[in-house]
Structure formats: C-alpha cells, structure tokens
Ligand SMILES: Cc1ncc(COP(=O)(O)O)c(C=O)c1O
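In the block that follows, a single chain appears as structure tokens, in the form predicted on its own.
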Amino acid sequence: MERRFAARLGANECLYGPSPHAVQAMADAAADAWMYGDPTCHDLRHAIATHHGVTPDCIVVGEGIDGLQGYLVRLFVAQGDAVVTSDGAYPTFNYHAVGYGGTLHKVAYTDDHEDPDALLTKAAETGAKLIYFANPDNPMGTWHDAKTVQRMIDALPDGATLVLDEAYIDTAPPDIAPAIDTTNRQVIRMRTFSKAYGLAGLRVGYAIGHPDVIRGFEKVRNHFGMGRIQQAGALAALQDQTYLRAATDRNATDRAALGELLAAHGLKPLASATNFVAADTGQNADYAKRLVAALGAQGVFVRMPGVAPLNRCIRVSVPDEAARDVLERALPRALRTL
C-alpha cells in the first residue's frame, strides 16, 4: 500500500518554503492564468540582470536548470561530439548529452570533489564541445573556491564551453563564485529558484552568459514554457532578499545540526556548501543502499550517489525541525536493522 513519507529528505528541496511575498504573488497571478505568460520573461529577466549587474541580453530564463541544459546541449552538441563530465555528477546533464547524440567522457572525483584539472585534460584530449562542472557539487556537497574556478575558466581549451552549474550557490560561502564575466563566450553559468528560494515546484532557472550565446537559446527554447504564475513567483522571490538571507542562515544552522546528528550515529558527514549533507557510511555501496531502504521503511526518504566510490555515502537534505525529529527517531532504528 502506498503511503507518504514522514520526512522527505531526498530531493534537496528547501523545507522552509518560499517567501510569503512569492506565495501572494502566485496567488494573485492565478486569476490571470487563462492568459499565456510573457514569452520573453521581460520583467523577471530584467530583474535578474539588475540583481547580477549585467544587461538583460545576458540572461535567459527557462524551465529550471534541467530545461536550460537540454537547450544548451541541443545548441552545442552534434552527433558524436565529445562532452566531458565527472563520473557520478548530476545525471540529468548526461541524459541530455546522450539524447542529442553526444559522446560522454567522464573523469573521476578526487577526494570527493570534482577535479577541474582532470576535466580540462579530458576536454583537451577529446576536443569536447561542453564541460559540465557543478560548484558546489551534487551529490557530494563539496566545493572549490573562486580562485580555483577562475583558473579553470582561464585554462579552457579552444572550442570548449564550460557549463558552470551553480544551483547551490546561494547556500555556499561567499568566496566560491568568481566574478561574472559576460564577455567570455566560453562560460555559461546556470542558477535556479528551486533551492534556497524554495520554489522547486515552479521549475524556474536562468543562465548567464555572453549575449551572442544567450541569443542562441531563441532558436530552440520553448517560448511559452514559463507561465504567468512561474514568472510572478520567481520575481517576487528575487525581490525578497531579506527572506532569502534568513533562509540561507537557517540552512547553515540546520545543516550543522544535521551533521552532528549523523555523526552521533556513527556516520561521517562531509563538509557541505549546499542544502544537503553527504554522509560516509564507512561501508560499501550495498550497505548504503540497504540503509536508504531501511530509512524508507521508517518513513524517511533519502538518496545515495550512483557510482563508486561516492556510493558508500547517503545524501540527506537539510531538514526543518519537524523533519529532523523524524530523522532522529528513524536513523537509529534503521541502523539497528542492518
């Protein structure tokens, strides 16, 4: 028999929810849902541009980072073109790359971090069109500082474009994002309202890049993919930076508490810059898989990385107080079953 999880901690959602201003804006927009949304996302796009200190022609809005990655791969990758990523990194990018005919080339993580040097070396070897790199990373939550990322940007091989996935940038330390440079045609940065802004259900993301690169999205994107309610909610959320700061501060506090809870039961939490914590079980992938299932049986939904050696870990979204209470009861019971 199907039943709801008592604690949903596997999807890296923000359990605090969105800004009340965003909720009200979406409610107000619902009455006009009979009309299509603005196909140019004018107000939201201009507000995002102002927020980042760039011009609106450097911004494209789309159906979450997932949707934008699909458009980007369609623009850049022809049949057989090389695409480089890390083995075990966010898999949706891979689905797009393979689906549009690209050939994936993967490099290993190093010490539970994506390896910028290995990515660059593989890209040079293969003549890659795209290099996927997330900072902070999913599924491990680890990160590189801004100097490291900038060195990677400066060393990009000719003909390669860096897809810099910054979905978790709002929950990260302030020194990990290099300055935005929209004059560089080889870098496209992707951000989202799904994480810290608490709007995962809306599916709103955006890309920042050189105007010529951004203009290319007009050839392939779904021009009516962003509805009125989506645009209104994201715009109001962006305008409420006070709420965002409170949410990210709370995330940092609750993330530390989650790490302490996991450690108290014999797991080893990895340092995280995201809204989740990856915890080393100290065992192998089979053990981690059984722990995920045992927690599920206790009503707690968590996930685990998909490839070795990352899959010795489980990944737990940062809980609010109610979900943390559920996890605190469920975790020792689940561990006892193993």
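Model, not experiment: these values are computed from the prediction. Position 1 is the first residue in the sequence shown; the rest follow in order.
Below: the form predicted together with the named molecule, not depicted.
Open item on the list: Please determine whether Ala134 contacts the named molecule in the predicted complex, using a 4.5 Å cut-off between heavy atoms.
Closed with: Yes, Ala134 lies within 4.5 Å of the named molecule in the predicted complex.
Task: Leu119: touches the named molecule in the predicted complex, heavy atom cutoff 4.5 angstroms - done: Contact with the named molecule, no.
- [ ] Although the named molecule is absent from this view, report whether Ile65 comes within 4.5 Å of it in the predicted complex, heavy atoms only.
- [x] Flag for Ile65 set to yes.
Open item on the list: With a cut-off of 4.5 Å between heavy atoms, is His96 one of the residues that contacts the named molecule in the predicted complex?
Closed with: Judged by the heavy-atom cut-off of 4.5 Å, His96 is well away from the named molecule in the predicted complex.
Open item on the list: Using a 4.5 Å heavy atom cut-off, which of 257-265, 238-246, 141-149, 191-199 contacts the named molecule in the predicted complex?
Closed with: The contacting stretch here is 191-199.
Open item on the list: Please identify the residue among Ala128, Leu72, Met226, Ala167 with any heavy atom within 4.5 Å of the named molecule in the predicted complex.
Closed with: Contact check passes for Ala167.
Task: Within 4.5 Å of the named molecule in the predicted complex: residues from 78-96 (heavy atom criterion) - done: Sequence-ordered list has one entry, Tyr90.
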